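Shown next as structure tokens: one chain only, the form predicted alone.
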Amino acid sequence: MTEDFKVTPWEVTGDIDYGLLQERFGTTPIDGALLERLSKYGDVHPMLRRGIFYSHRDLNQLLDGYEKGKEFFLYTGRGPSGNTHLGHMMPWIFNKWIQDTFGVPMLFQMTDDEKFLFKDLTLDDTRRMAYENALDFVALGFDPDKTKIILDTENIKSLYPIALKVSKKVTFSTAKAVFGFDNSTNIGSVFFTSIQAAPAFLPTEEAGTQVPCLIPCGIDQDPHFRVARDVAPGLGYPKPAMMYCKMFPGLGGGDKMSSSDENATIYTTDGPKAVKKKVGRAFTGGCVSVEEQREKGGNPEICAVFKYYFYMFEKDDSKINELADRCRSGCILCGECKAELTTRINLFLEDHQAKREEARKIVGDMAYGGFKWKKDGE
């Protein structure tokens, strides 16, 4: 990308210029006309209204087919390398809205193989984390009758024939250009993009006719699906449509919440004391002293606390605008914002953690192909 930021499926660093990223990846803005079209199906999600999900590929074409009676399916996923945090949850919440709005099926891929290949983890590690992450996904309330969880190492028999077809169409030259691989890259990593493409084409294989696919995910995953879209027509598969979101910010002020910075990351398993401590340390747009902030006001545009309201913890646009105005005018201090955000996050997590425990009862029923979670993951 540029020297200032880097965005790949495995690494996001620097201050991201999302407009430039969209231009470089060649995706299309989600504009006012598309938002108006989506409003016909129900209330437009705040993540769309606020430009969090901001870019797409072929969404209009997907809706054209849907309006003619061609049902699509959703596909998204998670690379299980650690505990689930709010940054992982954000696009899943949006996927839940899509499923509820359009009444469509969902495939959720857990890429335990990917994290084994790209990180210093064992397959037992990634398998165990896949189960824990799946609980968070199921706890959001996806329709259990229309949602299936794929675990790559368990469902490889279904994925592998499709992945082989994809891999035959992707050259090493393309993989190097798209993903930055070099001679030190293990060959499993080079092959993996074919595995990630496979769920997008799985219902087409099963139905024997083209089944459209929509993938709402972070824009950092675009390289995988550019490759998948390029090879799809030659294999008789429909190109998956895409909806891309910006990265959920970290409390330290970075553009992406990262598991590597535990103090700036809110995990779904965090307790109230941990949340209070982390939010209390958050980067803000405030001034050095109370007096100066009352006089000059704060800057919500750079404030991690404000961004948490904006991305996830305040759905009312008028209240978001009011909070920004109060910050700029000095009517509210950073400590007050942090205290309120701490309360909201803890209320969210209290409810989520209860649902997460309930999810243990049904997560097995949602396993694609009926695979059984290992004993250490139950």
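Note that residue numbering follows the sequence shown and begins at 1. Note that the structure is a prediction, hence the values are computed from the model and not measured.
Heads up, the form predicted together with a small molecule isn't pictured, but that's what we're talking about next.
Colleague: In the predicted bound form, does residue 210 have a heavy atom within 4.5 Å of the small molecule?
Modeller: No, no contact at 4.5 Å.
Colleague: Using heavy atoms and a 4.5 Å limit, would one call residue 185 a contact residue for the small molecule in the predicted bound form?
Modeller: Residue 185: no, not in contact with the small molecule in the predicted bound form.
Colleague: Would you check, heavy atoms only and a 4.5 Å threshold, whether residue 77 touches the small molecule in the predicted bound form?
Modeller: Contact with the small molecule, yes.
Colleague: I'd like to check something about residue 167: if you look in the predicted bound form, is any of its heavy atoms closer than or equal to 4.5 Å to a heavy atom of the small molecule?
Modeller: No.
Colleague: Work out which of the listed stretches, 177-185, 140-148, 216-224, 288-296, brings a heavy atom within 4.5 angstroms of the small molecule in the predicted bound form.
Modeller: Going by heavy atoms within 4.5 Å, the stretch is 216-224.
Colleague: Just one of 126, 196, 284, 265 has a heavy atom within 4.5 angstroms of the small molecule in the predicted bound form, so which one?
Modeller: For this set of options, the contacting one is 196.
Colleague: Counting non-hydrogen atoms within 4.5 angstroms of the small molecule in the predicted bound form, say which of 154, 270, 114, 136 makes the cut.
Modeller: For this set of options, the contacting one is 114.
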